[in-house]
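Below you will find one chain, with nothing else, as structure tokens; this is the form predicted alone, and questions on how it binds or moves follow later.
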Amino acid sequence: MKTMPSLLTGLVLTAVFSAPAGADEVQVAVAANFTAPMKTIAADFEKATGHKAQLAFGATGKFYAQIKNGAPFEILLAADDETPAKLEREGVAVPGTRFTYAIGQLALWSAKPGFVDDKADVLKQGTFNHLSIANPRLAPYGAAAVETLTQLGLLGALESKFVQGENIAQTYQFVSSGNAELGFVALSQIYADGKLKGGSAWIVPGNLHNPIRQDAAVLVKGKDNPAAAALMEFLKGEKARAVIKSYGYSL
């Protein structure tokens, strides 16, 4: 019978020798809208390479401030293309690493089936008390929502109904919990495997707001990390691209 110390030693040795050779970790800041696909991609990435991606999700604007204040992120997957470009100009992102990993789509969504029609007439009718949007100063999807309402000529009429989320994840929670009857969310939050997961939605036409180009960049803290380089390559590969597309993003 093994003693406790020898049993523990055996477990430690098993863990050490079962780890892939040369495996590293990479700290990744991920825009909240990309939560679901990135969790899948990170799991596939670890299986394929042995490297582990440690993920943090939130608003791109907040990540920018954290990165500038020395947060230990090595890759940023932003919800826009401006923030990574700005970080590159400021010497915080590695030149030549930036690329568009997805083009996001905005959707008006309600957890209630049949509440949102395919022309978004519900917005004009105003038969609701609360409209959830992400903070337009921090979240590109929130900015796109404001642009959409401006183009529709409805911003002034509906602004008093806004329930503002800190990021697109909180915006989605307001709608899914019923605290807001409807809201502007990322299509990826309500769409998977080519279909709507529940409720009712209007996919906002792209001509109503600026394109939501979502760029990735290696940050200076990750420039010498093999796992960072490997993840960026993996994001460009067919397996990751198939996952991204299945959540309603354009490529």
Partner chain sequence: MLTATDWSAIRLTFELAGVTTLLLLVLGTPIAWWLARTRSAWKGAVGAVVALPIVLPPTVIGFYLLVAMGPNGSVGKLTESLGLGVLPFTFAGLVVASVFYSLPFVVQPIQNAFEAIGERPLEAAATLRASPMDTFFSVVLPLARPGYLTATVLGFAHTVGEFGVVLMIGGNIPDKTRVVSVQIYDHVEAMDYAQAHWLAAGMVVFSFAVLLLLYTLNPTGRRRA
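Only a predicted model underlies this, so the values are computations on that prediction, with no experimental measurement involved. Numbering follows the first chain given and starts at 1.
In what follows, reference is made to the form predicted together with its partner chain, a form of this protein that is not presented.
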Tell me the stretch among 174 to 182, 99 to 107, 114 to 122, 144 to 152 that has any heavy atom within 4.5 angstroms of its partner chain in the model of the complex. 174 to 182
Residues Ser188, Asp193 and Leu196 all lining its partner chain in the model of the complex, heavy atom within 4.5 Å: no
Of Leu158, Val163, Ala71, Val92, the only residue with a heavy atom within 4.5 Å of its partner chain in the model of the complex is Val163
Is it the case that Gly222, even though its partner is missing from this view, gets within 4.5 Å of its partner chain in the model of the complex, heavy atoms only? no
Interface membership of Lys39, its partner chain in the model of the complex, 4.5 Å heavy atom rule: no
Does Lys62 make contact with its partner chain in the model of the complex, using a 4.5 Å heavy atom cut-off? yes
Just to confirm, Leu138 within 4.5 Å of its partner chain in the model of the complex by heavy atoms? yes
